[in-house]
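Below are two forms of the same protein chain, given as structure tokens: structure 1, then structure 2.
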Structure 1
Amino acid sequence: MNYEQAIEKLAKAGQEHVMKYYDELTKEQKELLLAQIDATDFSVLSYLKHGRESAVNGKITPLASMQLPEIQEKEGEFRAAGLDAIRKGKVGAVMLAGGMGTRLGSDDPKGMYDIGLTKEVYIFQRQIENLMDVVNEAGAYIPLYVMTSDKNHEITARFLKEHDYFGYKSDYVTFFKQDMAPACDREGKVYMEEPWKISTSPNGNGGWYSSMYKWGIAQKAREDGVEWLNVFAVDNVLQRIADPCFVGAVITNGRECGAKVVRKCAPDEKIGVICLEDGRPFIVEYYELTDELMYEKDANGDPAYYFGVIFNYLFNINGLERIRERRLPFHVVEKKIPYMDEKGAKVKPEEPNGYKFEQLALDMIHELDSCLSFEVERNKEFAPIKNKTGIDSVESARKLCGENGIEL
């Protein structure tokens, strides 16, 4: 993109201030800025007008979950089907590892955080050890696709290489970067991080497949015969990845996707709830769950919206390809965004000062025709690390690891 084209694109988006310092930049900085303008999708800013409305627009009804007694009864059948798919190379795993450990007091990627007590045990290490359990059971490696971000790509790739991928065969590990979206102030003007750099942030957990496709990795996976992708969050250190029982249950039940769920510990627990919206699979975020839904009972007298998602989903690639051609909506999230002020000084706000734009996996699920809600034992598969102490913390994860015989 040349200077004139950049000016034209910015004018259409109402973002001419991006070029304020252009004449003062070095040749290299000018090239960087022009390249970023070329790559930036300013149309996401239009969501500022309507994207902060509730994501719940239709009629919410319960989605029956496959519960532990039924799973245990059919475990042999499900496991056999899942192992067969894994051995035939039909299952891949996608680790979402674009986040940083800021809330844990670390400047490194979250996956590099050490939760060990008597030795080094990294979050990345725990995930790969969990995946190795399935590799050893199946006698076959599973392609592992690691999604990073602009902020942590190099250090993540270097860290895993330096640690020899914690015993995982490097031939089966592929990295790709998540797409970024511009961050703006309350008037919809994008912030500048540097005179030559627009402030951006990762485009949310729903952008993983489009990012895979942009990097050519989704196409390569399909060519290699991968039919199912198990996508999971890096921060749950008890996450069971490419779980043969889960994979087999989704396949044998003929669903386009599956979601691992746990029983909520309280009606108002801060966890997304799986349900139906206008008859289609849907996830209601905890902050959008009304009191009426929160305390509603089913025919058996149990809570109707009892199962919360743990961000462990299995998607059929054909389904993902179908919805890739439709653009998922962006959700507007209020955040604290560091920026460069009009005098060129760096500002690190203490309160939210603008908006980031994110696509969410819940919208991917809603676009598909069917989803298997698959219950897992909470204390065996759900130990997210969101905070340093308290609920969903390093402390609580260490305790749960100990209960599961994991040496830290």
Structure 2
Amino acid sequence: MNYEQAIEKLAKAGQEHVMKYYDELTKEQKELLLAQIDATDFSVLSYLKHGRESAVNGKITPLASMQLPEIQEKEGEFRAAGLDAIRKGKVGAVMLAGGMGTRLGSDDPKGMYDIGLTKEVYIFQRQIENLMDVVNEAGAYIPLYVMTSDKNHEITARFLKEHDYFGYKSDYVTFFKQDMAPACDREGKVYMEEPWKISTSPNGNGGWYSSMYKWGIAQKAREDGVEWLNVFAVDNVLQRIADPCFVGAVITNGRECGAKVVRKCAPDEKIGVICLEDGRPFIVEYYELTDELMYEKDANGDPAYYFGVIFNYLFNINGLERIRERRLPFHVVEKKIPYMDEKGAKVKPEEPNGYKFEQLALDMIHELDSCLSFEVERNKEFAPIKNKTGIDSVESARKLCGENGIEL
């Protein structure tokens, strides 16, 4: 892209300020900036105006979940089917570790956070230990794909290597990077990180499969016979990964995907709620849930939207392939965005100062034909770490690890 083309693209997007320092840049910096302008999709900024209103478009109705009593009754059958698929190499696991963990406030990737009390226990380590339980039970390794971003790739890859992948066979670990999206201030103007660099942040966890494809990893997985991908967030330290019972339940029920869910502990709990939108599986994010849906009751007087997702999904790879080129919506998320101020000084804000634009993995569910909502016991499988203290924190996760006999 040349200078004139860049000016034209920026003018169309109302982002002319990006060129403010252009004349003062070195030749190399000018090239970097022009290349970034070329690569940046400014259309995501339009979600600032429309994002919130357009999040829920259709008619929302409850989706029946498979609940614990039924799962316990059929556990033997489900587990056998799941273990069979794992032993045949049909199941892969995808760890989403591209996030910035801004609420936790550590400069390092979230997975490098040490939650140990008497010894080192890193969040990454907890995930691998959980996965190893299944590897040991099945007697077979599960390919583990790790998604990082431009902001944390090198440090993540180095950390896992230095720790010898916490005992996981390195041949089964593959990294790939997600895409980035511009971040803007409250007026919709993109922030600058450097005079030659627009401030960007990872574009959410929804692009994981298209990024896997971009890196040639999805194709390789399919060639290797992988049929199912279990996608999970890095930050739930009680996460059961490639859980044979869950895998078997989704397979034997002939669904294209499955979502692990827990009973919400309060109507306004900050987790996405599983439901149907115009008859299709759908998840409403907590910040997009209306009060009406939040407090609606079913015929038994129970909350109609009782089950929340814990970011553990199983997807059929052919289904993912079918929807790969569909554009998922962007969600507007208020965040703390480091930037360069008018005088050129670097600022690291203490409070949210603008917006990031994120595609979410949960929106993929809506694109697929059928989803098994699969209940799990929250105290055994849900200990997310979003904050240092309080709800969903290092503190609460440590307590839950203790209750589950995990030494920290």
Ligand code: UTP
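In this text, rigid core is short for the largest set of C-alphas that superpose within 1.5 Å between two forms. Along the sequence of structure 1, residues get numbers from 1 upward. Here the structure is a predicted model, which is why all the values come from computation and not from measurement.
Of these two copies of the chain, point out the form predicted alone.
Looking at both copies of the chain, structure 1 is the one that matches the description.
Once you line up the core, how about E403: does its CA shift reach 2 Å between structures 1 and 2?
False for E403: its C-alpha shift is below 2 Å.
So with the core overlaid, does the Cα of V18 end up 2 Å or more away between structures 1 and 2?
Comparing the forms between structures 1 and 2, which are aligned on their rigid core, V18 does shift its C-alpha by 2 Å or more.
Comparing between structures 1 and 2 on the rigid core: C-alpha of N300 shifted by 2 Å or more?
Moves: yes, 2 Å or greater.
For K197, tell me the Cα shift between structures 1 and 2 once the rigid core is superposed, in Å to one decimal.
Rounded to one decimal, the shift is 2.4 Å.
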